[in-house]
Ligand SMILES: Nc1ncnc2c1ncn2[C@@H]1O[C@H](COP(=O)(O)OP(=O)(O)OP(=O)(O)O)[C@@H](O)[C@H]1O
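The chain that follows stands alone, in the form predicted on its own, written as structure tokens.
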């Protein structure tokens, strides 16, 4: 699914350049559940931006579903982001004037073909994350946990292969955070690749693999927990 070979990301120019990612080699297989950890400034958000095609490597190769990302133009990258990747952020980024249903439907505007029964599809996703009774509620009428559920449903509307989440529980209380992680775990069990950036060890421990960065370099990459099939 994801393969990085000697990837570096450098900001600025010498002598003031900042090496955010340094010669990184990493692969993530279809259906994995991966947590990316590291202290502030370790490069984890930069790595997520690279994986999510929101940024390009300064050097090295990045292949997503066997496509080399550096060879794609901006239009092709936008299509990849819309069709292959689903994004969930710490800040929910919901439009306050739209209700939950219409917020979930937003990514469909950029789909190659607007699907029939779009509202039914969005409603089914909201029901799947426990918000079937909140279709007409606006973000200001929802709790933080409920807004994050809307954001997850929005990330799923185009049926992406990969879910990318940046500190998805950072603005939530512990119980709401646990409920959101339960959703990610269910998505992974259903076959989606899930990648979460977090500083919280409890969040990382819910994953099946933990990648730790330090100063833009891979410090460790270890399996944790249990595999999807239930074996150690």
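Since the structure is predicted, the reported quantities are computational estimates derived from the model, not experimental observations. Numbering follows the first chain given and starts at 1.
The form predicted in complex with this ligand exists for this protein as well; it is not shown, and the discussion that follows is about that form.
Asks: Residues in which of 37 to 45, 24 to 32, 169 to 177, 186 to 194 have heavy atoms within 4.5 Å of this ligand in the predicted bound form?
Replies: Residues of 37 to 45 come within 4.5 Å of the partner.
Asks: Answer with yes or no whether residue 211 is in contact with this ligand in the predicted bound form, where contact means some heavy atom within 4.5 Å.
Replies: Because no heavy atom of residue 211 falls inside 4.5 Å of this ligand in the predicted bound form, the answer is no.
Asks: Is there a heavy atom of residue 18 lying 4.5 Å or less from a heavy atom of this ligand in the predicted bound form?
Replies: Yes, contact at 4.5 Å.
Asks: Can you check whether residue 199 is within 4.5 Å of this ligand in the predicted bound form, heavy atom basis?
Replies: Looking in the predicted bound form, residue contacts with this ligand include residue 199, since a heavy atom lies within 4.5 Å.
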